[in-house]
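For reference, the chain that follows is the form predicted on its own, supplied as structure tokens.
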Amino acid sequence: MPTDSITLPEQQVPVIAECDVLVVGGGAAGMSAAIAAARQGADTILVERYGYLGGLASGGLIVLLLTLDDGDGHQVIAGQCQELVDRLHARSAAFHPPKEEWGNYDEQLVEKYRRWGLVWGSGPHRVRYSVAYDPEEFKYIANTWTAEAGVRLMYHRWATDVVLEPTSPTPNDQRPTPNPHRITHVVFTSKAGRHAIRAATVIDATGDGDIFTLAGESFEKEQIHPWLWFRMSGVTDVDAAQSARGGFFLRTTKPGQVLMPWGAADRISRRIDATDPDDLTFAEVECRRMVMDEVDRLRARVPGFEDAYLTDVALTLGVTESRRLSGAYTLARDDANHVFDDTICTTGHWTKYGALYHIPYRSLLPRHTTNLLVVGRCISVDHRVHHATKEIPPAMATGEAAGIAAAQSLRTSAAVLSADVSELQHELRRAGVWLPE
């Protein structure tokens, strides 16, 4: 580690905007949070570091919604995630089993949908309500959807700092918070320099928990093997190629195109810390080399790939875990199938049957920052539960709940940790979200 340092001159950072709800991170969870807050009447800004929405769900080519069901034929994730499926279908950009087949044990049906990447894990298998879709259509829908809701969208800005101020309990606060503080501004860096946005409530949808880390909240962190997903087109007979078993690849919504969900047959040589830029640099170079090795191997050895060509490689590494909030409640493996009083969404498990996780509102709440909500893959869950909650459908579900809760807190002048959960659940049901009784 370097031992020397420099001192930068004091800098005045202009405040370029203010809003009721500031969502940082435009992945599936952040997009959902921003739309939900804006639909509730909150003045909402969504800031994203890249030039598109969706994160791994679009630029990462993880183009599978796993899953919207409980593994036994019943839908448990609806709301905005179902609306996304409907919007994709309207543009002929999605594929999933029809409702009458969900939960079916028929081996031929299971194999059919397994080839689309819609059935995973250990059997005995059943047909799942999972969805394959086109990523470019997702990006287009995301832009139009946020615009319809009235979200102010800001691309190409990276959150680098927060401004905190201590707070005192208000008459509406229901839960005591140790050493409470709130975020008054989030500072961003772009090619235009540094600037700040003032917000009443902030939603951390960065995936890596950048905002709650800057705010001094506790977290756990995992090291992982990342991937670069990619797609190839010009495969002469996808069914025959899959039957030849010369590699693991999935059908897509485009004829003659296949998806390589883990980029290559092998993992990179070591796990990385996805918050370390040097580790990320190593992974980007190594994963891209392995993608091209796999492209060459498929062309040379797998029937049907002789004239296939590389369509696209994911714009972002397939990082599905880094920091996880240590929040007001950490949802654990032993909590499977337990319904909490403050449940705000439910998810099945994409590789298991019979395991439901009812995510409590408290898993979105940090311990000290009174106007911050956390959504997506970095909510407060343990490592095992994370394998279920990191997926796109539950990420969207936590985002939708947080967006509604943020708008609700503004109406009641209460800190988000003191939200009226029964009213929040009522609003979620009105929005089409499925909640257990």
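Numbering starts at 1 and follows the sequence shown. Since the model is a prediction, treat every value here as computed from it, not as a measurement.
Below, we refer to the form predicted together with a small molecule, which is not included among the displayed structures.
Just one listed stretch, out of 401-409, 35-43, 59-67, 365-373, contacts the small molecule in the model of the complex at the 4.5 Å heavy atom level, and that stretch is 59-67. Residues Val21, Ile183 and Tyr361 are none of them found to lie within 4.5 Å of the small molecule in the model of the complex, as judged by heavy atom distances. Listed residues Asp335, Asp134, Glu217, Asp210 were compared with the small molecule in the model of the complex; Asp210 is the one with a heavy atom within 4.5 Å. Of the residues given (Gln80, Thr206, Thr201, Thr347), Thr206 alone sits with a heavy atom within 4.5 Å of the small molecule in the model of the complex. In the model of the complex, Trp158 approaches the small molecule with a heavy atom inside 4.5 Å.
For Val127, no non-hydrogen atom is located within 4.5 Å of the small molecule in the model of the complex, even though that partner is not displayed. The small molecule is not drawn, but in the model of the complex it has a heavy atom within 4.5 Å of Ile392. Gly318 belongs to the set of residues with a heavy atom inside 4.5 Å of the small molecule in the model of the complex.
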